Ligand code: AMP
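The chain below stands alone and is given in structure tokens; this is the form predicted alone.
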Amino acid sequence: MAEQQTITFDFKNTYSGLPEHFFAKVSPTPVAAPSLIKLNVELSQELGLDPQSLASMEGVEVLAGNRVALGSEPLAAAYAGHQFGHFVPQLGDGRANLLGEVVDVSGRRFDIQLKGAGRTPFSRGGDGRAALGPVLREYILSECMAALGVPTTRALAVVATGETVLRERPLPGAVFTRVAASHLRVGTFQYFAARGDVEAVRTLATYTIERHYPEAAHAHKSYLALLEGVIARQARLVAQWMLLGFIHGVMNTDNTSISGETIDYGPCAFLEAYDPEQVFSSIDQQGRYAYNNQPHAMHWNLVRFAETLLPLIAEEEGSEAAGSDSAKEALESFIPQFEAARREGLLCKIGVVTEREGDVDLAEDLLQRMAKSDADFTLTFRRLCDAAEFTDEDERFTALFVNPSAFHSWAAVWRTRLLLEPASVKERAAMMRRVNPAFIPRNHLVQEAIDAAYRGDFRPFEDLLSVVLRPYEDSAGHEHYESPARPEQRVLQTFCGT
């Protein structure tokens, strides 16, 4: 049992006030020898927390689960989910513990959750622990995504446990402190819908509206407005993933956040050579969550979400048939919203702001040429920024293509099109650099950082993190972080870590 102690987070909890069958009250399981590996000082300050207090002995014990902070009401949330299309009626926080909620300096509410905090009633035979490697991966990936401007959960801290966990081999254990707008998932709604508990779904939907979609509370049809709001956020989110070459890897409904944040960085990765069918996840044998399938996977997940809300929407509409029609109409808006967001972002990536006929075809043509030449996704668009400003940069750009003429013929049309843009050459190049990152957490670099950490060396982790936290800034001497993996460095599979 974790010890009660004096450090306070000024928790302002609301989820723990919901009915008891929404969660299990359980404290984190203490670890043998907690030690702080990383504290996100900037984030802690944004949350109104004192970084010195968090880094103290008592603070680290809270972040490890050995002490319960004043005001904390630890719990493990209940949820279900479709995992690779197969429904599991009870999943829940099997190794996570929601310590409570804080309101940051801007008045926004956030969950503080420990991952790897020990067994809960939802552990299903698991040890409830986390290995150091996946924890470091989530820290790097989630903080980089935040720096890239993508809605995401955040990383507050990593604490070593002084214990060993057994995975494919014995590994050092760690506890990860995650910050999220909430941990409500499509699977949370599915948990109650699968049990036919319409009142619980109503309670959850009302809570979600109050917390994430307050505008829906004033809508004539609040629950339909909730569905429409979630659809809109997820459409924008997946478009942002696609524009950065990000592959989530495990887009199950229990990993789909109602708030519209990227959540659960398991077997995720960024594309290097552009391949629309790319899969990294070792558990995605059929390519269900391949790069190009992500919009369709999200639409499928949102259909499942709509199913949970149907009884409530039917009440608003006056009949089941009318409710079903309204939900279908809302769902039909997902692909157009996604495509509009992706189209706008893709045109910005090639320097086009005032869309004209043929612009989308021009951008898609570049992607097709990249695919045929195995051109690096991130580097291609970053060097395109230089080519937009200096024609003598073409050689560096064409070096990314197996057939240099593939770029020259495209570039002739592209440069003619750019002459019709109102911005100056320098303004256009600067705009492109704001949407085309120079640095991403390349898979081999993340793995190198993890391997070094397992040897007790955290310098590669810190160095990589310092670069990807400024992804849009050119940085001399960091070419190592910009370059794709050499053949012997390539990471062909990523793993969930549970």
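Everything numeric here is computed off the predicted structure, so don't read it as measured data. From 1 onward, residues are counted along the sequence shown.
The following text describes the form predicted in complex with this ligand, which does not appear among the structures shown.
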{"item": "is_contact(residue 330, this ligand) in the predicted bound form, heavy atom dist at most 4.5 Å", "value": "no"}
{"item": "is_contact(residue 167, this ligand) in the predicted bound form, heavy atom dist at most 4.5 Å", "value": "yes"}
{"item": "Partner proximity in the predicted bound form: residue 251 to this ligand, non-hydrogen atom cutoff 4.5 Å", "value": "no"}
{"item": "Interface membership of residue 128, this ligand in the predicted bound form, 4.5 Å heavy atom rule", "value": "yes"}
{"item": "This ligand in the predicted bound form: contacting segment from 128 to 136, 402 to 410, 386 to 394, 358 to 366, heavy atom within 4.5 Å", "value": "128 to 136"}
{"item": "Heavy atom within 4.5 Å of this ligand in the predicted bound form - residue from 235, 350, 91, 205", "value": "91"}
{"item": "Heavy atom within 4.5 Å of this ligand in the predicted bound form - residue from 264, 143, 376, 101", "value": "264"}
{"item": "Neighbours of this ligand in the predicted bound form among 104 to 124 [non-hydrogen atom within 4.5 angstroms]", "value": "123, 124"}
